[in-house]
Ligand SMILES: Cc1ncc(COP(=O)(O)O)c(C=O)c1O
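Next comes just one chain, in structure tokens: the form predicted alone.
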Amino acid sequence: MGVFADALAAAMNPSCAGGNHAAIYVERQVIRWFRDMLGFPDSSMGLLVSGGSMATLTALAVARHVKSGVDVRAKGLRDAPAPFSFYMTSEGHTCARKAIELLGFGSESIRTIPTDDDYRMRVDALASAIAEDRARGVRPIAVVATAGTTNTGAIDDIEAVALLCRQHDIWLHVDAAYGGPAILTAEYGTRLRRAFAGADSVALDPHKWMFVPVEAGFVIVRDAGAMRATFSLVPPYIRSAGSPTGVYGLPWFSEYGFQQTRGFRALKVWMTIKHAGLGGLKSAIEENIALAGYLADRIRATPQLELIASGLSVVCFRYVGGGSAALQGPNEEDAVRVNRAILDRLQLGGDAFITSTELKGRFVLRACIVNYRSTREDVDLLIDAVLGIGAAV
């Protein structure tokens, strides 16, 4: 349905910076759906963007405008009375670092917070880092927490992070680009709703776990006025709430983000949700999570494989062989060589597609199930392929 909608959108070819035409109202409806799904108030504002990277850049630009203590639009950061700091873990997505660099703060302003054994941000270490920075005269701007890390699907203790942010007047941005749609599930819904309740901004990618074709990212900011003040070039004295009966319609989307030229991303999101319903998306996401659990169970039950980490629909593992030739301990170099070879042959062979990552210095294979057509038979095929290639290598 999303592919069909994308073709329609290309044929219609509207400019979605603003105005009073159908595409604008479709996007506003999508924004309302996501705002309600994430539990944000009517006073918030959302925007469809290319993906998590642009969503994060947009959100942190608002954080800079609100928390830097200087008129950054007029003077930039050159008159800042103190250095700045941001907080994220090594498991946080690199798009946050890119955004911080592009916003003029530099990567040296990032404090990398350690993680616990489950790859979640350590809140005690975050508290210590904030206290140290305050004592040194450094001004904290934002914490970037994650609801579903790319590597392992880990969800930070965002409620506890939010409490710290409120105590220290720090912006909280939640990267839920991958994991956010799990809010629809029975298992994660309550936890994520509580987590997002304390966030100033959230990034969500419908093109990841809502089965929409790329590009379809989403950012929402709790304070719509701050978002508009960050980007709008319409003088305040002629700003208005807009009117659906006027030629120019409601306030333009280009006042809430960087893009002036904006395509009709909303139609494929709107039609996917109308076609599947939130109930349909919920069922598909829950099935993906169940399949990841099945994959983890298969790995645990297979002596030649080692489960390293799992969360949401991500499973990280590696081939360790068996018997006296087990690829563990002193054979770590062999384990890396063999698992790299498995990854290459599996991807090029076309039977299954997985990726790799490093966890605590170890090279591991990473499966992420985000296809609504995946089945247990696909998981079994993956296991058989890994074992076959591993034995051959």
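Residue indices: 1-based, along the sequence shown. All of these numbers come straight from a predicted model, not from anything done at the bench.
One more form of this protein should be noted, the form predicted together with the named molecule, which is absent from this view; the next part is about it.
Participant: Is Cys95 close to the named molecule in the model of the complex, meaning a heavy atom pair under 4.5 Å apart or at it?
Facilitator: Close contact exists here: in the model of the complex, Cys95 approaches the named molecule to within 4.5 Å, heavy atoms only.
Participant: Looking in the model of the complex, any heavy atom of Gly148 within 4.5 Å of the named molecule?
Facilitator: Close contact exists here: in the model of the complex, Gly148 approaches the named molecule to within 4.5 Å, heavy atoms only.
Participant: Wondering, does Lys282 line up within 4.5 Å of the named molecule in the model of the complex on heavy atoms?
Facilitator: Lys282: no, not in contact with the named molecule in the model of the complex.
Participant: Although the partner isn't part of this model, could you tell me whether His207 comes within 4.5 Å of the named molecule in the model of the complex, counting any heavy atom of the residue?
Facilitator: Yes.
Participant: Exactly one stretch in 71-79, 176-184, 132-140, 274-282 has heavy atoms within 4.5 Å of the named molecule in the model of the complex; which is it?
Facilitator: Comparing against the named molecule in the model of the complex, the contact stretch is 176-184.
Participant: Between 100-116 and the named molecule in the model of the complex, list the residues on our side with a heavy atom within 4.5 Å.
Facilitator: If the 4.5 Å heavy-atom criterion is applied to the named molecule in the model of the complex, 100-116 yields nothing.
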